[in-house]
Ligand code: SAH
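Encoded as structure tokens, the following chain is the form predicted on its own, with no partner shown.
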Amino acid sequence: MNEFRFSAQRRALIEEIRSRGVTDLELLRLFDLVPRHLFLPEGVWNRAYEDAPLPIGFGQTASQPSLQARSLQVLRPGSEDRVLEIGTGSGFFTALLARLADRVYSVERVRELSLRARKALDGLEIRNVAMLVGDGSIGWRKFAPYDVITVAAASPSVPEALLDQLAPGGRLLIPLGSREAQDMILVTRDAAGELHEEVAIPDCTFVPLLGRYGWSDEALGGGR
């Protein structure tokens, strides 16, 4: 499959992202380098370059590209950074992170999504990503601490386990709020170990973070 078949649509998406306040050329270039459609079910390829969340199965969605770009602009992963991603999902954001950071550790609770994302990453020869199937709310302690932690699911509060795995000088971005609406909160740890919080991106909606330190199935009324 020719990965450049949607090149015009990709460039239109980049202009849409730019119009939403992301002007960093390196970040914008990522959305041209990484073909989003390859991370999505083929049935939604015709919508792959809309600036919209898209279904990927198992009750999950691929996030809106402009929101992902704004998240990268807030987190600023660097070439020496170790990144923990909670919620691999389609793997597209994983690929973007991998182009910026030294190493990405990505946790997904749905095995089928993790396997699908791994296949897409391998297809693009992205080799600096380690993946785990499990409870993302407890993080991945084996490789902590992390310079960047990003959470692609909404939580009622910041999981203590993730805060424990954040390095001095590290940044953590997570949607906090109710089940229906959240703000993306940036948590930073200064050199002295103190934590600071601020609203980085207001008014967003994510699927719930399920697990020990997130929402329980019972709190959501059961099921996924």
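This one's a predicted model, so the numbers in the text were calculated from it and none came from an experiment. Start at 1 with the first residue shown and count on from there.
One more form of this protein exists, namely the form predicted in complex with this ligand; it is left out here, but the text below deals with it.
- With a 4.5 Å cutoff on heavy atoms, residue 83 does not count as touching this ligand in the model of the complex; it lies far away.
- By the criterion of a heavy atom within 4.5 Å, residue 188 is excluded from the residues contacting this ligand in the model of the complex.
- In the model of the complex, this ligand lies within 4.5 Å of some heavy atom of residue 152.
- At the 4.5 Å threshold, heavy atoms of residue 66 stay clear of this ligand in the model of the complex, well away from it.
- Between 122-130, 140-148, 86-94, 69-77, the stretch whose residues reach within 4.5 angstroms of this ligand in the model of the complex through a non-hydrogen atom is 86-94.
- Shown here without this ligand, the chain has 56, 60, 61, 62, 63 in 34-67 lying with a heavy atom within 4.5 Å of that partner in the model of the complex.
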